[in-house]
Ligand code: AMP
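Heads up, the chain below is alone and in the form predicted alone; it's given as structure tokens.
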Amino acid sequence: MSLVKYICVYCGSSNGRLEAYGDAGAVLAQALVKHNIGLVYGGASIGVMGKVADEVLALGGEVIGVIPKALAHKEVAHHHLTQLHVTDTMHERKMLMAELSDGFIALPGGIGTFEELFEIWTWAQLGFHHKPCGILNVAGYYDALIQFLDHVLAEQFVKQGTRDLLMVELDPYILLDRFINYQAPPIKTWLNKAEI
């Protein structure tokens, strides 16, 4: 039986240029519901975020939104969720999302999505959590970032073990299967002081 009960999805409160971004969010939502996995996300009713949440809800799945008070109006908080948590700060938002989730997936989004992804990946590197982290690379959106991360690896600012902690897939079902079967590596085998 899978220990993955809730997946946190980081993604944009905008729709982006391509319909493929929102469409991929809907397919990820379908994969989550099929695996009986609840969604944890940023609580917005708009953009890619809203599309993921709406699809999970439409299919009878569970959706937990977490949004700071300062963004509840700007990001148009979704008031039809299973649960909506309103936090005082962004730091509290991110911490609660991390605590509620058993894994983390980034869909296309902007700098907020990047910041959330890099922070949770860093926490995995440091051993603050032992949960899977991944990118759903929709329509090549993350190609340049993946290429840059491989450059960072080649330039020896991260080790292979750190790079391997961030899974990348094109298919949400494959990514979820990897999450469900994930076993965190022992950190002492690849982390050293030079990387902290």
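Values in this document were obtained by computation on a predicted structure and should not be read as measured data. Residues carry their position along the shown sequence, with the first being 1.
We do not show the form predicted in complex with the ligand, though everything after this point is about it.
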The ligand in the predicted complex reached by all of 12, 49 and 110, non-hydrogen atom within 4.5 Å: yes
Residue 71: touches the ligand in the predicted complex, heavy atom cutoff 4.5 angstroms: yes
Non-hydrogen atom contact residue 115 with the ligand in the predicted complex at 4.5 angstroms: yes
Close approach of residue 78 to the ligand in the predicted complex, 4.5 Å, heavy atom: no
Distance check, residue 90 to the ligand in the predicted complex, heavy atom within 4.5 Å: yes
